[in-house]
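First, one chain by itself: the form predicted on its own, in structure tokens.
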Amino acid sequence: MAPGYARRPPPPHRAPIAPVPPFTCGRVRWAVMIPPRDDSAAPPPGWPVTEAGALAVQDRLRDRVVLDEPGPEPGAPLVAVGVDVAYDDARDLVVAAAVALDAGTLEVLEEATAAGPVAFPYVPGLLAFREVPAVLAALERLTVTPGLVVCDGYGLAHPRRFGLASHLGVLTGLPTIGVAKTPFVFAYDAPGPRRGDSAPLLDGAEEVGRALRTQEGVKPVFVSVGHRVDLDRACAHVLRLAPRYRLPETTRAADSLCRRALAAG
């Protein structure tokens, strides 16, 4: 453990983390690494199983997204956590990884995984309902408190303005951002060629995110706010977390851990 980062005590088994009716998003058994399948990462009771049910949940939770907080200051001491998922279609399994990094040094502080059955069919725009239960379980296995969660996906840059980063932020209360590899259904002009150049990601006249060039001569990533972070700071954090490669180190580390967990199973 790096100096200055206090561990939080293990939570009681199944104690609630965020009361968002009608779900009980419970805490799970405390561990840092687990076998590839763990039924405690299964969807909680009341989790929607139909498209209509999921759309109703998005409509209800979308108003809880906080967009008027600036979020953690770039450059300040911060635990940045990358989350990602991978699938084993043969076993109908989703594996989630959460990797905590010191945002200043990019040192890995802690890793956790969780796995369970795929919670929802594949429907574009509703991928969070396949991934959130396992991601919540992985986050709960961390003993450091995240100051920022970086999702491999979208937040506000979503047709219903409620992508994975926003969904996860509302359920946990944590500051979250989305960093995606593609613009989804939105339009943008190519940003300038230099690192840090950006251009608005647009739905008509509405800016839902930014195309951000993290490395010179490399395709941009697409940054959107999730919850409790503004877009300027979201982009600043992504640049600090991506000093060498296109994707932030948080995403690279979480992706690698997902793949290792699947291979181990």
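A residue's number is simply how far along the shown sequence it sits, counting from 1. All of these numbers come straight from a predicted model, not from anything done at the bench.
Note that the form predicted in complex with the DNA isn't included here; everything after this is about it.
Heavy atoms of every residue among Glu131, Gly163 and Lys181 are located within 4.5 Å of the DNA in the predicted bound form. Shown alone here, Leu78 lies farther than 4.5 Å from the DNA in the predicted bound form, counting heavy atoms only. In the predicted bound form, Asp84 approaches the DNA with a heavy atom inside 4.5 Å.
Taking the partner from elsewhere, Ala190 is found to have every heavy atom lying beyond 4.5 Å of the DNA in the predicted bound form. The closest heavy atom approach of Asp152 to the DNA in the predicted bound form falls within 4.5 Å. The single contact residue among Ala119, Leu106, Leu142, Leu127, judged by any heavy atom lying within 4.5 Å of the DNA in the predicted bound form, is Leu127. Note that among 152-160, 191-199, 67-75, 109-117, the stretch whose heavy atoms approach the DNA to within 4.5 Å in the predicted bound form is 152-160.
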